[in-house]
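Here you get one chain, nothing else, as structure tokens; it is the form predicted alone.
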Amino acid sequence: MSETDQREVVLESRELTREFDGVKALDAFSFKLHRGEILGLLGANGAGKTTAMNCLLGLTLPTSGRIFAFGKSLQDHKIEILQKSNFSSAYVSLPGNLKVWQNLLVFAHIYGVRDPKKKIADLLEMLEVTDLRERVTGQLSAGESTRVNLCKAFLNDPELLMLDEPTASLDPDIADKVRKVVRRRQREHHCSILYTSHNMRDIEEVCDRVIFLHKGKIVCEGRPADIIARSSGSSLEDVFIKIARDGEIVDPP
């Protein structure tokens, strides 16, 4: 799908490699994310997902390889690219001493959001956390923090959105609502989303295409249904487990 997709390439890495003390956390990682696509980046703990995200966000410099967003080098146009991007992670906290509305207002000003109070109110309502508006951020539960982080990520209507475990710590009902919100944002704003999760239901419901990493290398990529059809398993979860254990999607002959 990625090779024949004629849509604009919004995010791309070419032979991206990152070594730590001689160990390759990413090994010649190359991929393309197209306009309006939701791409799942999957793999067990230690597969290289976090390193990839950190490199793509400009937080970690690669040992070798290049990253491009909107057709421009991330290294040379970082500020311009980040102005059109945003990020949310279940494992990154907003300043804990501010109230929720204060945190969101600070980021709204950083992003240059027009009519920030209305924007914040709309996002809090969309993610069903309006009742948290006056709460101190550091006192929120993990699930509440996850949804407030998503509000922050949507503030500037990013063209490129990176979501790291956006349904972590959420109960099934709220997780389902968050998946629907992500899909709705993608449809309404035609944004491109890079999405990581260990929840394969998330991936099957949300992602158009997926990439599986194992020890820093791409093992397979394609539409979830196509990958399942090529594998020796009956579900994407079976594929995940097979790759985590053996580094491949089918049993050897």
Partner chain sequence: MNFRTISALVMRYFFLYTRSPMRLVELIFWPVVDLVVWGNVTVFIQRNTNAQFGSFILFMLGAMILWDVMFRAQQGVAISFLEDVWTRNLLNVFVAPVRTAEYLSATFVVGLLRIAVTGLVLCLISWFGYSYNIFSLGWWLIPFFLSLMVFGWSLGMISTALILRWGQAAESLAWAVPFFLQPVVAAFYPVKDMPAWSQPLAWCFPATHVFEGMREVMKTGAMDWTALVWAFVLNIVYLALAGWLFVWILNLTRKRGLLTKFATQ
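Positions refer to the first chain, counted from 1. Source: prediction; values computed, not measured.
As for the form predicted together with its partner chain, it is not shown, yet the points below apply to it.
Student: Would you please decide whether N199 lies within 4.5 angstroms of its partner chain in the model of the complex, comparing each non-hydrogen atom pair?
Tutor: Result no; N199 lies far from its partner chain in the model of the complex.
Student: Does its partner chain get within 4.5 angstroms of any non-hydrogen atom of A44 in the model of the complex?
Tutor: No.
Student: Consider R18 of the chain shown here, and say whether it contacts its partner chain in the model of the complex, taking contact as heavy atoms within 4.5 Å.
Tutor: R18: yes, in contact with its partner chain in the model of the complex.
Student: Under a 4.5 Å heavy atom criterion, is K119 part of the interface with its partner chain in the model of the complex?
Tutor: Contact with its partner chain, no.
Student: Judged by heavy atoms and a 4.5 Å cut-off, are R14, G36 and G71 together in contact with its partner chain in the model of the complex?
Tutor: None of them does, since no heavy atom lies within 4.5 Å of the partner.
Student: Looking at 123-131, 81-89, 165-173, 178-186, which lies within 4.5 angstroms of its partner chain in the model of the complex, counting heavy atoms?
Tutor: So the stretch in question is 81-89.
Student: May I ask you to choose, among L160, L140, L94, L150, the residue with a heavy atom within 4.5 Å of its partner chain in the model of the complex?
Tutor: Looking at L160, L140, L94, L150 one by one, just L94 meets the 4.5 Å heavy-atom criterion.
Student: Would you give me the residues of 55-69 that have any heavy atom within 4.5 Å of its partner chain in the model of the complex, in order from first to last?
Tutor: In sequence order, L57, G58, L59, T60, L61 come within 4.5 Å of the partner.
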